[in-house]
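We begin with a single chain expressed as structure tokens, specifically the form predicted alone.
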């Protein structure tokens, strides 16, 4: 009797995400990406576990010092401990990437779902507005937004981060909107949606109970990859001098401050750039693994 019950439990059909997890946990690439991301998240949440130093402590006497036992990654031009700043810089870098992804997905997915479900004039207006934003070069748009909103030199950390998050969200939402719109257009033609309409279900219930659970998978894959991309975008904007800046400590800020003396102190750029590259690559690998797990055609 016990064996029969166990066999029935094992043969019980899995849902979309249950099936995806069954596939993901068997892939080494997924666990490599998760391990890297977990390490970076742990650095961001508990930097004291990795370094007890002060990221804002600068001593010119140790300027451009090479890596050593006392300072594993060496010192930068102003005498900052690079290892300590790399550890503490993970927080601002991840916060920008995470908040930008949340903003892009919430705005884009909501607008895309409404446009795909209702269609007509709403779909036409939303699509044309999205085309306008897509036509704006990202770097140019970010320069305009950040120079317009740029605060004075005494700006706090929250305001500096919020400006960068806002610029990324404003310029990137059309991608998630188009993904959700196309998925919603396909989903509303399915029989379960037509049946819900025939039974008199209101649009809000059809969207939340029937369409959203079946449309979220593509947006989830995009969000995973976009999080890594936005981390790279933050570093790009900071490198150009229009993104994060002092007193914020981030990998992009470190790369920006190290670019002028690359030949004499290459370690000041290589270590933050290495952590940045590994983190972005981890999120891209995670997104690819999730995409393949959620799409049976790619297995």
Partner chain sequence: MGRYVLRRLLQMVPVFLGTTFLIYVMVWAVPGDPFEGKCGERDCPESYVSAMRERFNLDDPLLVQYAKYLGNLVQGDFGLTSSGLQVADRIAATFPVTLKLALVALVVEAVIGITAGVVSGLRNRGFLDSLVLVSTLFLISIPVFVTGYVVQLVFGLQLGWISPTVTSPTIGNLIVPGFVLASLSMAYVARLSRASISENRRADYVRTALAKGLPQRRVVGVHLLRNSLIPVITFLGTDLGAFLGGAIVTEGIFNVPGVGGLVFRSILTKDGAMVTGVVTVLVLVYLLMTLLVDLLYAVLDPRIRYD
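Predicted model only: the values in this text are computed from it and were never measured. Residue numbers count along the first chain shown, from 1.
Not on display, but discussed next: the form predicted in complex with the partner chain.
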- Does the partner chain come within 4.5 Å of any heavy atom of residue 268 in the predicted bound form? no
- Heavy atom of residue 202 within 4.5 Å of the partner chain in the predicted bound form: no
- Query: Does the partner chain come within 4.5 Å of any heavy atom of residue 128 in the predicted bound form?
  - Reply: yes
- Message: Residue-level question: is residue 148 within 4.5 Å of the partner chain in the predicted bound form, judged on heavy atoms?
- Response: yes
- Exactly one of 137, 120, 156, 213 has a non-hydrogen atom within 4.5 Å of the partner chain in the predicted bound form; which residue is it? 137
- Assess the spot marked by 255, 277 and 284: is the partner chain within 4.5 Å of a heavy atom from every one of these residues in the predicted bound form? yes
- For 208-240: residues with a non-hydrogen atom within 4.5 angstroms of the partner chain in the predicted bound form? 232, 235, 236, 239, 240
